[in-house]
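Just one chain is shown here, as structure tokens, and it is the form predicted alone.
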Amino acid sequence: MRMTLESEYSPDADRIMAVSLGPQHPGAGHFRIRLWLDGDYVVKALPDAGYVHRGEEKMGEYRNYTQNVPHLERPVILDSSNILFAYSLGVDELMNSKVPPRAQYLRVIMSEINRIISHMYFIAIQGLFLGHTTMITWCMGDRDFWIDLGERIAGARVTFAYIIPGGVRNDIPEFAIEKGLKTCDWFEKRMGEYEKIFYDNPMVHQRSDGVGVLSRDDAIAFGATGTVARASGLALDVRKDEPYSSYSDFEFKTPVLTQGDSWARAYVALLDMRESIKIIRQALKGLPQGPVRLKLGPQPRVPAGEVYSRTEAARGEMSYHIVSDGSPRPYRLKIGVPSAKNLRALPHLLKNVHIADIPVIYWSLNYWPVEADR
């Protein structure tokens, strides 16, 4: 279908074709990008989100603070522990609860396990979009070892529902500590193989070097977060900037690159996982003794007030604004997700690029439609 665009494109309106990428496109993930094309080039791109809206924030007002746990992780099942981490921190602050040290460590362990699980999926699909099918088979297979470890700790797979207000759902079995340390040792070596076959691959560099460059200034202007911000030279990490839980007990770095392109955004994820390994290993070896949760009861009453809590999730800053009226249910619950923040950069990055570059640029933003729509 041909159509006339805004006045800025009117001189060449007869050359412009308007098309939609998605929402059924297998790579778009229930998300549409409206594209205006001049031959092989994108002259304009507009994201069209909202196809998987679930009403999570409104549902949160009709369930008590404990019942909210299982459904709040649904928007981002790849990173379920981190979206629950921010929620639980907020509820804990409203109740003025002091979470036991052992629970603090277990929260961090599951948070970093989920970070790895999420990044593995991100890298796998990036490999697929680049035509590197080995990467998706390796990552999807290796990711299962981390899901197995999470299952040993939480008792469930993928959607762990492990981090709860007042602590964690259950203690870690003794055998899972040894399994966790062995998994860390194995995966540390495995990531070296990822570098050789994927990140150092000439085809990968040809398809992603200098593609979709987001400068440091633009990253600031668009409010980028997570791997997107750190690939553009911004050392943003809530774990370092505003340490929460027990993160101040651990030695780790915030990986930062300056290229700001699609390759850098994917490589920062690998560097992130290396730091996650360090944190998990330290936490498992230094796990304090004691209880793992507070006894809040099935219908905990939270004092009236409001709180803003945030964490560093796999995709970046995850936040909650919770308003309590003193009842067992939140009066208002607002979720701020990193995918929505990073999506702002998409129209800028897609302008004047080749059609073939759209998938690698889009996915390099680590955008998860269900998280953004929530």
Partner chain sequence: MDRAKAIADKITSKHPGTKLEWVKPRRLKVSAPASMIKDVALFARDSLGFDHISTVSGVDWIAKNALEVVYFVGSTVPGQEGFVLALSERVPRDNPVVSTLIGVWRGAEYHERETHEMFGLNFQGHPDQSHLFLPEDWNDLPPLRKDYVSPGR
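Residue numbers count along the first chain shown, from 1. Here the structure is a predicted model, which means the values were calculated and not measured.
Beyond what is shown, the protein has a form predicted together with the partner chain; the following relates to that form.
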Legend entry - Contact test, all of Glu306, Arg310 and Ala372, partner the partner chain in the predicted bound form, heavy atom 4.5 Å: yes
Inset, instruction - State yes or no: in the predicted bound form, is some non-hydrogen atom of Tyr41 no more than 4.5 angstroms from a non-hydrogen atom of the partner chain? - result: no
Inset, instruction - Tell me, yes or no, whether Ser319 is in contact with the partner chain in the predicted bound form, where a contact means a heavy atom of each within 4.5 Å. - result: yes
Legend entry - in the predicted bound form, Gln126 touching the partner chain (heavy atom, 4.5 Å): no
Legend entry - Interface membership of Gly297, the partner chain in the predicted bound form, 4.5 Å heavy atom rule: no
Inset, instruction - Sort through Leu181, Ala235, Ile197, Met203 and report the residue having a heavy atom within 4.5 Å of the partner chain in the predicted bound form. - result: Ala235
Legend entry - Listed residue (Ser246, Ser276, Asn82, Thr225) with a non-hydrogen atom within 4.5 angstroms of the partner chain in the predicted bound form: Thr225
Legend entry - Which of 215 to 223, 181 to 189, 278 to 286, 259 to 267 sits within 4.5 Å of the partner chain in the predicted bound form, heavy atom basis: 215 to 223
Inset, instruction - For the stretch 329 to 352, return the residues whose heavy atoms include at least one within 4.5 Å of the partner chain in the predicted bound form, in the order they occur. - result: Tyr331, Arg332, Lys334, Gly336, Ala340, Lys341, Leu343, Arg344, Pro347
